[in-house]
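First, one chain by itself: the form predicted on its own, in structure tokens.
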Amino acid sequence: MTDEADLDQRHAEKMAKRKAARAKIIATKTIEKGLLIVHTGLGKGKSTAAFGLVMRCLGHGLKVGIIQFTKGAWTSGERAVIDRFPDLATIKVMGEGFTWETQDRQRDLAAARAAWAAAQEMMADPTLHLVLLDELNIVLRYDYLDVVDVVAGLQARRADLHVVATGRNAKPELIEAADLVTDMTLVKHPFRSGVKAQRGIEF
């Protein structure tokens, strides 16, 4: 047997063992439930990953609801895509921009409360498979909403509803309540080199 053939055979045997071990592990995973998913951290990609889940649901013909807490001033590519699926997706842009843009705390408080009320309505909709609360972590960070009340509301959702919350600086209470938490780590970002936010990448 040639060296190459020997390598191929050993590789096949190794992969067969790995496949069998993986199948054994997967067979023990029998729970199906709605997940509370948190995307946080200083790195880019929190909302991007969440909208990837939205696209995945749409691809399966599953209904989704989206609340945007702070990005009201931005016109984004994801909104243009969502608008093409009116029978499957509902998006509500509740924020009026980032807090430094409004410079009005009472206005920001009112917007956050209205967005949370809309989020609770969506979570009560039995036809939705997933609800995305984009930048919820931002309004929680500034204490525009009570994190205890928000976590209680999220935990009270129906058992099969998936909810995704995005934004940096997720509160410990939300992280503790979540089923899945991803911390996006910033390694390098073009903004630091003078590159502005660009269409199709940041919005």
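Predicted model only: the values in this text are computed from it and were never measured. The first residue of the sequence shown is number 1, and the count goes up from there.
The protein also exists as the form predicted together with a further copy of the same chain; that form is not presented, and the subsequent description refers to it.
Visitor: Please check if Ile91 has a heavy atom lying within 4.5 Å of any heavy atom of a further copy of the same chain in the predicted bound form.
Guide: Ile91: no, not in contact with a further copy of the same chain in the predicted bound form.
Visitor: Tell me, yes or no, whether Lys33 is in contact with a further copy of the same chain in the predicted bound form, where a contact means a heavy atom of each within 4.5 Å.
Guide: Output for Lys33 is yes: heavy atoms within 4.5 Å of a further copy of the same chain.
Visitor: Does any part of Arg56 reach within 4.5 Å of a further copy of the same chain in the predicted bound form? Heavy atoms only, please.
Guide: Output for Arg56 is yes: heavy atoms within 4.5 Å of a further copy of the same chain.
Visitor: Quick one: does Val81 come within 4.5 Å of a further copy of the same chain in the predicted bound form, counting heavy atoms only?
Guide: Answer yes; at least one heavy atom of Val81 falls within 4.5 Å of a further copy of the same chain in the predicted bound form.
Visitor: Even though the chain is shown alone, can you say which residues of 18-34 have a heavy atom within 4.5 Å of a further copy of the same chain in the predicted bound form?
Guide: The stretch touches the partner through Arg18, Lys19, Arg22, Ile25, Ile26, Thr28, Lys29, Thr30, Ile31, Glu32, Lys33.
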